[in-house]
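Before any questions on binding or motion, here is one chain by itself as structure tokens, the form predicted on its own.
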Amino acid sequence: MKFTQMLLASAAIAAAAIPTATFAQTEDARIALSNNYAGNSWRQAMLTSWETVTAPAVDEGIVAAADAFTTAENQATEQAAQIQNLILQGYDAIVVNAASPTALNGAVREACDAGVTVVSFDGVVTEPCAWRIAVDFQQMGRDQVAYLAQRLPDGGNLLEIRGLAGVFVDDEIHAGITAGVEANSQFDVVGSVNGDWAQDVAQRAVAGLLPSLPEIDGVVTQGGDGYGAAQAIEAAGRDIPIIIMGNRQDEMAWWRDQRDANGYETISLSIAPGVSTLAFWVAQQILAGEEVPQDLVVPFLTVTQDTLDEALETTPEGGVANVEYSLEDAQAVIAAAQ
């Protein structure tokens, strides 16, 4: 599929040219996923991808276990306690989607001191002993404003929908949007709400703010909020602005319907939920003794007007456009960073 192939194109390395790791080195290894939140479609897809890729790896004896754990609340203190429990349970590696880039550093340091490999992804941690896998979230924010600048050269009023407050991803995308607006002074951000990366939360938040806002020309987002914003704006009887989407099936379906009805045009971009599977293979490679750079960057997944139908064909209802990573994909990303 073209748009998923583009996701790995930046590695610029043929995976077939990279030797396969010796699985005997990790056949007794136990890897855990520590996840801080599962309350939206992206997180659900992330957990499904983890199970889809890791279950066969366990069955084939590549690793002994690959268990997933999600905290009940999005609280750094709860996730820190979870990580400490995983250390006590004897896991060899912990893959972390972190509630905070800094608040988990103490627990991560404890893990490293106990000889546990820690690989953070999406919501990464700043503790130097951990590995980090992320997209350039600031660039994702800047790209949204750059796209709107192309479509709206005279500028206009923007509504910003942010994610979960205090989380690394939210801060980084917001910083990119802010930088994009500073570079394109024809735009003004006239309102901001937290949508928590969930359509229902975004819809309520936007509906509550709209009465106080002037006409909106564009909506910059973080993922999981585009359809909710569209529903709130439609319900208020306002003209639909250009809403940047976040690769969720419901918002892409709405975009397709609007395109077919009146030529509506936008873009959609987000990190692929399957990045959890890349983190799994990176952890496996570290445990196998491979040299892996501490920081790895993967491109975000972009859906355009030209690839919208293709993306919808392979995205399950209620799901997110996705790509899952193989060992060879992980080896290519690692090699590209060396």
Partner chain sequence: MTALSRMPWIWSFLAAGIVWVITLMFTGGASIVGLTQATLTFAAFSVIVGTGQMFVITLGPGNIDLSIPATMTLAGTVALKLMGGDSGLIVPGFLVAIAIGLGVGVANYALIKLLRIPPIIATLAMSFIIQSAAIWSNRGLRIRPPEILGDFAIGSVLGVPNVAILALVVTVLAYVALEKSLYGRWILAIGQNIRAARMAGIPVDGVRCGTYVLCAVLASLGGYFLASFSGGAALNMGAEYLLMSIAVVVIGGTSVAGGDSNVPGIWGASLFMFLVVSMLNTYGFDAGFRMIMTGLIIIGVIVTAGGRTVRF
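From a predicted model like this one, the values you see are computed outputs, not experimental measurements. Residue numbers count along the first chain shown, from 1.
If you look for the form predicted in complex with the partner chain, you will not find it shown, but the lines that follow are about it.
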- Message: Can you work out which of A261, L88, A72, A114 has a heavy atom no more than 4.5 Å from the partner chain in the predicted complex?
- Response: A72
- Residue within 4.5 Å of the partner chain in the predicted complex by heavy atom, from I240, A146, L152, L209, is L209
- Message: Looking at heavy atoms inside 4.5 Å, which stretch does the partner chain contact in the predicted complex, given the options 33-41, 60-68, 291-299, 270-278?
- Response: 33-41
- Item | Triplet V95, F121 and V124 all within 4.5 Å of the partner chain in the predicted complex via a heavy atom | no
- Check whether D257 has any heavy atom within 4.5 Å of a heavy atom of the partner chain in the predicted complex, and answer yes or no. yes
- Task: Report whether the minimum heavy atom distance between E265 and the partner chain in the predicted complex is within 4.5 Å.
- Result: no
- Answer yes if any heavy atom of I216 is within 4.5 Å of a heavy atom of the partner chain in the predicted complex; otherwise answer no. no
- Query: Going by a heavy atom distance of 4.5 Å, is E172 a contact of the partner chain in the predicted complex?
  - Reply: no
- Query: Can you name the residues of 283-319 that have a non-hydrogen atom within 4.5 angstroms of the partner chain in the predicted complex?
  - Reply: E317, G318, G319
